[in-house]
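Here's a solo chain for you in structure tokens, the form predicted alone.
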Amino acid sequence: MSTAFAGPRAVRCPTCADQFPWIDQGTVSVYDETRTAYDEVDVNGLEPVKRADLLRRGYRRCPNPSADMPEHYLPATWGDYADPLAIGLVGLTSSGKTHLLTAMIREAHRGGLLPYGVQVRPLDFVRHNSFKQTFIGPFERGVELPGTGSDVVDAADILLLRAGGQVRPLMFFDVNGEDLKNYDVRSRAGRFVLSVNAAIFVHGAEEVRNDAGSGENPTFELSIERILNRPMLSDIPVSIALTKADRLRYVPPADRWLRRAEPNFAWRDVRAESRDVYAYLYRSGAIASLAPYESFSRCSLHFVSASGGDAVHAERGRSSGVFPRGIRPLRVLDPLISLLSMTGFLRVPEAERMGRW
């Protein structure tokens, strides 16, 4: 009687998109903030408690078999968990992607997913601390955030979700909209579409007016094409987030959804809101923004507002401004909760019907 040998588990790096066997080498790299460098430490001789603590806070260098990226690192516990839920945010720079992502991660860490039994912790402490200092901190102070920089190839943040005995990493990719329209096949900025297993397509309220009648949204179209062209995972759950919806607070049907204080993720409620967002975009002539709904078998649509109001610019022509009344995120977790339901991580009533209208 023969016994099959499983061998090391294969993992995929979110930065270079390479897949490789995850092998414990008995070492861990520790990040030195003062030198902005990694030091390799042998953990073989450490007692189990100390070893586990160092692994939880340490890193391992990605071997990058394709040798097409600069040196980069993964959390040392990356191979200990199920395959990550990788969510890509797709949209123009002006759509409010960065504000939505920042508000979403902030609300998740403030316990916004606890009503659904989901606990949230950082997985990559260095990355999360950088995201807090660069985005969450200024956002909480009411400072308008700059758009996503060009040539971004790495995940913005990586969280660890725990719910119902499941533990799964969750990562977000926020890539410059112009980079997504780059036709250069050598461009690495849009490479995240090779590994995402869910996506949020972001469309700003002002884009509804600007794009009406054009019939085109190259950022959406090219991203959809690249996702659907993958040999595996071509049909993934997606959400369409109509951002800056606070500008529609007195406009039906957005008004009734923005007035709802708490999300109610019964399947019928998500279907009703999706229907209303679809109808609003269709009537407004923003047909191209509905391409994800037509392209994927599971799709939800949501009215959201990352800040709750517009930023004010003290000087004409100034690139950034402030939110004079502070920030008041509205329904920013709804697209994420919907995706968690569609991927099966969140077990809500009739989850199998979520996104199927």
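Residue indices: 1-based, along the sequence shown. The structure displayed is predicted, hence computed values, not measured ones.
Just so you know, the form predicted together with a small molecule exists too; it's not on screen, but the next bit is about it.
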item	value
Selected contact from A37, V41, A311, A52, since only one has a non-hydrogen atom within 4.5 angstroms of the small molecule in the predicted bound form	A311
Sole residue of S274, S284, N197, T93 within 4.5 Å of the small molecule in the predicted bound form, by heavy atom	T93
Proximity of A306 to the small molecule in the predicted bound form, heavy atoms at 4.5 Å	yes
Touches the small molecule in the predicted bound form: E144 (any heavy atom, 4.5 Å)	yes
Contact test in the predicted bound form: R106 vs the small molecule, heavy atoms, 4.5 Å	no
Close approach of F323 to the small molecule in the predicted bound form, 4.5 Å, heavy atom	yes
Which of 245-253, 121-129, 276-284, 160-168 sits within 4.5 Å of the small molecule in the predicted bound form, heavy atom basis	245-253
